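Single chain ahead, by itself, as structure tokens, in the form predicted on its own.
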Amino acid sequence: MLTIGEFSRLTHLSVRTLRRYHEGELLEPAVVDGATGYRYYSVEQIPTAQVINRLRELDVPLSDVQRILRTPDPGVRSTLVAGHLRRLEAELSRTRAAVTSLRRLLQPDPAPIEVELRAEPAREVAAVEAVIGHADVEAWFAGAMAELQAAVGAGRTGPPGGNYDNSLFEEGRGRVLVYLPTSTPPRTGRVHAVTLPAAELAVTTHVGEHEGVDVTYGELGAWVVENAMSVAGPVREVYLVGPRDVSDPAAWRTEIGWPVFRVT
């Protein structure tokens, strides 16, 4: 048997941590001396302690660590670990995007963006729309786009897009509409035909992950203000190239259309 100090040195888990894991029934000593309260561990517990240590290094919550250790089903264990790894990868992706955006913002002389003034005609599309909170856009978008793709299928005639009301940014809640162009918009579930009205737009292209799109929004909005053009209506996005097309975020392209009162 190993004392708690010896077990600590062998597993690189502090005595304090081992005591906390015992109290939380995560890693219980093999023996607790009834008279002294001293904790003793077996050599066979070392691998378990090392697994716990690795999982905690990955910020797996203690409740999930407990579930991983207690389930006898290898498939369930793999699913739990894989789910957490996906969350870590998503967080890493957000961090990378934030770093890229920050570097872009801190450049002493950023390159001016290219803006095209464009008159968009009215057109009919298959769409899903709802009034949602800003924090819910990502999850709602994924579900709505999946529903659209299932409904439209091979009938798609162009890249997907989305319209975002000003209130979504100003008040944190507003109407969002995502769509797929198609010659015959179906009506099924939440999918229905919508006519996008004609609009005059100041258009630029955001390169890379969508998490950094706010920087491009700021640059485009500044361009609009500096060129003395009145702004009206929802912002339009067109997802020219995205994760459904290529896996490399550097290849993703999002077209942002800022409605302007008049294009001359």
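Note that the rigid core is defined as the largest set of C-alphas that superpose within 1.5 Å between two forms. The numbering used is simple: start at 1 and walk along the sequence shown. This one's a predicted model, so the numbers in the text were calculated from it and none came from an experiment.
Note that the form predicted together with the DNA isn't included here; everything after this is about it.
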- Heavy atom contact within 4.5 Å of the DNA in the predicted bound form, the stretch among 192-200, 58-66, 43-51, 210-218: 58-66
- Message: Taking the DNA as it sits in the predicted bound form, is residue 34 near enough to touch it, meaning that at least one heavy atom pair lies within 4.5 angstroms?
- Response: no
- Query: How about residue 12: is it within 4.5 Å of the DNA in the predicted bound form, going by heavy atoms?
  - Reply: no
- Is residue 244 close to the DNA in the predicted bound form, meaning a heavy atom pair under 4.5 Å apart or at it? no
- Find out whether any non-hydrogen atom of residue 39 is located within 4.5 angstroms of the DNA in the predicted bound form, and reply yes or no. yes
- Item | Those residues of 8-31 which, in the predicted bound form, come within 4.5 Å of the DNA by heavy atom | 14, 16, 17, 19, 20, 21
- Item | Threshold 2 Å Cα movement between the shown form and the other one at residue 33, rigid core reference | yes
- Item | residue 252 C-alpha shift between the shown form and the other one of 2 Å or more, rigid core reference | no
- Message: Could you check, with the core superposed, whether the Cα atom of residue 13 shifts 2 Å or more between the shown form and the other one?
- Response: yes
- Message: Comparing against this form, do residue 248 and residue 87 have their CA atoms pulled together or pushed apart in the predicted bound form? The difference is 3 Å or more.
- Response: farther
- Over in the other structure, so in the predicted bound form, do residue 63 and residue 136 pull closer or drift farther apart at the C-alpha level? The difference is 3 angstroms or more. closer
